[in-house]
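One chain comes next, on its own, written as structure tokens: the form predicted on its own.
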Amino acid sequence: MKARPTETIALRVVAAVIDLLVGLYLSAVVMRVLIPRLIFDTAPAPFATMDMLILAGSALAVLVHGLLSGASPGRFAMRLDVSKGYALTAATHLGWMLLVTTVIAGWIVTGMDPVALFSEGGLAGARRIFTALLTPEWDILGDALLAMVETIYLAFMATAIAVPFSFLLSFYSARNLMSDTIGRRVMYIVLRFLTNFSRSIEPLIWAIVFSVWVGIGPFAGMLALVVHTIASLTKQYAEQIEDVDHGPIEAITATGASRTQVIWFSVVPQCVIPFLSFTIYRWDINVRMATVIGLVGGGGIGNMLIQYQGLAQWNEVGAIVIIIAIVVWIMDVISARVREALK
């Protein structure tokens, strides 16, 4: 679909920025990954002034080439018109170069080594580990179950505490409810930024922060999950609010109802079931996350797992892994059944 004239300028600017980034990325990958590793088999040297000039020149070359010939991967990405013939062919080839160089660079950077994976020594080590994991030591069953119960309650309390905050914040994070005045638009932008920032930081990192703040234990793990859950549920709730039918909103507004009454009687009834579904699913996610944050002092069965793993007691680790798998599977089944019942 052809872009409107008012949109074309903005889209062209974005396309030009994409072209610059494509040129910069391709030249950086070739100079810093492919040439040093494939040709010289060495780590890249520190950046020099000449390197920066080459990167900048390559980015400008892709940009100028795209502007003059229309062979622009940015225009292609933004769904702007790319004329057939040379322009389309060149843009397609640049796209394939981007994909191929990324795959090759990824292979190199991650140090993929199929030989090591299937070597005799590697397979012997894997056999030893899996043999221990599949012959669990059940003497720790009682302690593991108590730790698993702690993990479940940790996830439950984190979800329960986060839901009221997420519910309230979601209405201030919904674009359709916060776009009528400048003050509300500013509040919407600030809240969206804060929730996106909080959500971008993994619970594992939050658990480290709170372990230093309040001490190692389940309280630190619960606080970590609370922060991440508030951010995630606020986003999910707000997106559901933005998708509501505006007919009831307009009808209740026409009666002279206050803003709070409009939201309570026209928006909330449309969102209750999806909100419950999101909440139950989030609890399911938190149970799994709670087993991980225990690895950094967040309490629960993850803390027990890291202790036995550090002692290389793989039979005990196998018992803990089996318990985690069974409990997570049961929680997943219950969560799925409840969410189906709510639809």
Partner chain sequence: MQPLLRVENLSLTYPNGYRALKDVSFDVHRGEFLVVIGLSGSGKSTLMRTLNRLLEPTEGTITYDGRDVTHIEGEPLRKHRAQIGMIFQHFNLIRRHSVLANVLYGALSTMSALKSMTGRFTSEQRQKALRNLDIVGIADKAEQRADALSGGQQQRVAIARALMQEPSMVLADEPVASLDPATSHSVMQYLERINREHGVTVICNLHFLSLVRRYATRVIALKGGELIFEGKPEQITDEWFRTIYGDEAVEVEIR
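Residue numbers count along the first chain shown, from 1. Just so we're clear, the structure is a prediction, and the values are computed from it rather than from any experiment.
What follows is about the form predicted together with the partner chain, which we do not show.
At a distance threshold of 4.5 angstroms between non-hydrogen atoms, T110 is out of contact with the partner chain in the model of the complex. Remark: S266 counts among the residues lining the partner chain in the model of the complex, judged by a heavy atom distance of 4.5 Å or less. Proximity of L191 to the partner chain in the model of the complex: non-hydrogen atoms within 4.5 Å are absent; the residue sits far from the partner. Looking at E242, you'd find every heavy atom of it more than 4.5 angstroms from the partner chain in the model of the complex. Checked against the partner chain in the model of the complex, the candidates L117, A254, A124, V100 yield a single residue with a heavy atom inside 4.5 Å, and that residue is A254. When the partner chain is considered in the model of the complex, only one residue from Q261, N196, S83, N176 comes within 4.5 Å through any heavy atom, namely Q261. Stretch-level contact check against the partner chain in the model of the complex with heavy atoms at 4.5 Å: of 71-79, 245-253, 212-220, 196-204, the positive one is 245-253.
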